[in-house]
Structure formats: C-alpha cells, structure tokens
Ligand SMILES: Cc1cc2nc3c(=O)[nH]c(=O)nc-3n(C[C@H](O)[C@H](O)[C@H](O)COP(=O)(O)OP(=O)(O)OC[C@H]3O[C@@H](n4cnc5c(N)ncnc54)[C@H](O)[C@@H]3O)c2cc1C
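Next up is one chain by itself, shown in structure tokens, the form predicted alone.
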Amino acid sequence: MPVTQLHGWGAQRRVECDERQPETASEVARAVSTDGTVGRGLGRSYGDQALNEHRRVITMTRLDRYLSFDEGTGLLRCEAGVSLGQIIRDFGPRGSFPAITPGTKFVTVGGCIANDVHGKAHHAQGTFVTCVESMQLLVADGRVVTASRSENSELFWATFGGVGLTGMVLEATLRLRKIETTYFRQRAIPTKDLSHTLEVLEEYDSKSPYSVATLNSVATGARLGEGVVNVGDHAYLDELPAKLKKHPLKLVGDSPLVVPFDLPELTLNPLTIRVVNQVITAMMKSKGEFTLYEEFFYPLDMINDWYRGYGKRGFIQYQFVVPYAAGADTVRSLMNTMMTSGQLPFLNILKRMGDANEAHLSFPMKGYTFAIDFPVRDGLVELTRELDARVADAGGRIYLGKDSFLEAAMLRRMYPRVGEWLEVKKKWDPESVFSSDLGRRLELSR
C-alpha cells in the first residue's frame, strides 16, 4: 500500500493514509475501497474531515475541468476538483465570480459542497448550496447518480455539510455571480466593545450583504469584543475612480510570501500576539473605499502555508453559532472564557448569520457566529469540551468543517437531525464505504 502522510489545515494530526490521485471519473470509481474511502480537495478543512488513517483517501484535484458554461445564465458545469481560485482566474475577466465564497479561494467545489461553506454574506445570501443546481455523485454501489432539489433530494441535502460521507462528488452545476468589476466598495467601522460591535453588525445587516468583525484577541474586561467591523458590496463600474476604471476586472497574481517551515512554538506568545493583533487592527482600519477581491475576501491567502506559523503542534479553529435568543450575554460569556483561559487565542472573527437551510448537518443558523484560532497547547481539549457543552446549552452548535475535538454525544445535542442524516447514509451507503477519521470519531461512519 502506498503511504502518504496527510494532515488538515490545522496540522494538529498527521496520519498515514493510502492516497490516490485519479484524473477521471472512471479512475475515481476504481480507486474507491470498501475498507473505507474519503474524498479530499486542497486540504483546507482544519481537522480530520479528509483524513482516513491507514485507509483510502482520494484526492480530487486532478479532476479540474470545465464541462460547460452558459454566459447568459451564469451556469457553470465543472468537475469537483475545480477550485474557486481557478474559477476567479478564468471567469473573473469575463465578468463572473463565485456566488458564495468562504475566507479562502484555495478550496475545491467538492470541498465547498462537503462543508456547505459560507462567507461574510450568510445573513443575505446563505451557504454554498444556494448557488448549486445539481451534482453528479458516485455512490457506494458504484452508480453515478444525479442529486438535486428535485431528484434524489434527500441525498442532495445530506451531501451538503455531510463532510464527504455520502459519496464522491464528481461534478457540479453551479451559478456564478455577474459582476462589473473585481473591486469592492467597503467601509471600516472601529468599535469599542462587544455591545458596540454587535450594534454595528445589526445596523448594517440590511444595508450591506457583506459584513464581518475582526476583534482584538487580547482585549478583556470592559474592552472585550472591541475591534473593526468591515462592510461592503461588489463595486459597479460607474462607481470606480478613473484610475481603477482602466482595469475594472483586474486579477491578483500568486503571492510570493510563504511560511517555509514550522515556526518554533515560542514564536507565538502573549507579546507577539499583541504585536500582530495591533498590525491586523491597523490594516483593517486603514482600508480604502475600494479594494480588490483578494484583500476583501482572502487576506490570509496572501501568505502561503500560513498554518506553519503555529508551530509543529498545529492549531485548531473553533467556530460556534448560538441563536439570537441566547443573546449577547452568551457570546460575551463564551468569549470571556476563551480570552482568560490561559490559552493563546488569535484571529477572532464575529458575524451574524441568517436562517438555516434544509441540509441535515449544515452549520449556519440564525444567530451570532464566532471563530477563533488556538495554537495547540496542554489543556486545549479540556477547554473545548467546556465550550461545547455551553454552546449546546445555548441551543447552538459548532462547525463540523473546522472541528477537531467534538464528541459523538455532543454532536447529537447540537445537530438534532443527525438521526435523519444517518438514515440517508444507511440507504445510500449501508456498508459505510465512505468513512473518515472524523466520521468514526463522531459515529457517522465505521
């Protein structure tokens, strides 16, 4: 068995897997192992979503072809290994852009489906499922079936957010967004504390489709939750200054910046985090009125392999959502616990979310969502266990696409439709051919 050491983006677990890299759908079918198989894209899921220790991992990045595109409707049919960055590169100059995008463009269409990704505009635009018309899915018995809202709909909804455990997505038909420019009109609003931050986010909920708060990761006490709220929308051609109108569909080239190796653990300490936090805050405050898509959506993509900055033990990103009914006090209490835990919280993001969709395991729900990075240190697992219980008590849940430590019993408290999802899984994959380390940890697969 050929062995490849793989890890998630957080790099806190590195395991040996039997990796295959097919180039065609028929090769994918031949690569599926009944001992357990999971698909993998560009490896941007943070934990063990696309890991399968001592079992088969099918990396789909060589299935990266466009199959058709309708300029009038914006419908793109493509293979699952196509990345959002590839779509921007090839269709941005033609006036089209991904309709829904997370905080990185280095993610495949298949990965977007598996995690039902969302971005800064969930309150206005929803998750990735809103832009997907249908998909072709290789299921456990070897058939390739169409899944859409009207055909095999239960499989369609179970696959969005199903973390790759319902089958192999081979291709998808998705709708791109028409744009006049690749620039965004944006505004930065500094905030003094959590109440102020939440007020600004609520104020702009109906005014702007894109909004996100970047919080000061070292602020505690009365300053807890201070930061900068950035809001914006796609810029129209007639809005741009004359200088920018010359190249309204400008693209950004590959960044030469890279973290070349795992930095020493001591590199991240309270002092360096404070300094980096000040730099990030200054950058967020100083953004101009118009900015290119790269800076607006993908600031971290400017540094390749940035996960190495967290050291050999890696990091986790902990993202939760709690309903508005739980109130700001719940968010404040959870944030206070994180900030005073003795861990090293870093890169804190707060957003508002809109209504949940029909997908059984899709993360978003109407409420506040907060995401925070933690370098792996002693005591971190115990902290997340405490946070998990309190999030569940508030009627919330954590994002499976970023999860690393959640337990099976807690998953069932957070996602009440797990039983329905398991029934769909049993119907389409009775022998649990599609499995992963996350699937076994959460008792979603064998």
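These numbers were taken from a predicted model, which means no experiment stands behind them. Residues carry their position along the shown sequence, with the first being 1.
The same protein also exists as the form predicted in complex with the named molecule; that form is not shown, yet it is the one meant from here on.
Here the chain stands alone, but in the predicted bound form its contact with the named molecule, taken as any heavy atom within 4.5 Å, falls in 393-401 among 393-401, 415-423, 375-383, 65-73. The named molecule in the predicted bound form comes within 4.5 Å of no heavy atom belonging to residue 78. Heavy atoms of residue 333 never reach within 4.5 Å of the named molecule in the predicted bound form, leaving it off the interface. Of the heavy atoms in residue 36, none are within 4.5 Å of the named molecule in the predicted bound form. In the predicted bound form, no heavy atom of residue 362 sits within 4.5 Å of the named molecule. Not one of 99, 200 and 232 is positioned with any heavy atom within 4.5 Å of the named molecule in the predicted bound form. In terms of contact with the named molecule in the predicted bound form, the residue from 304, 104, 173, 343 that brings a heavy atom within 4.5 Å is 104. Of all the residues from 21-56, those having a non-hydrogen atom no more than 4.5 Å from the named molecule in the predicted bound form are 38, 39, 40, 41, 42, 43, 44, 45, 46, 49, 50.
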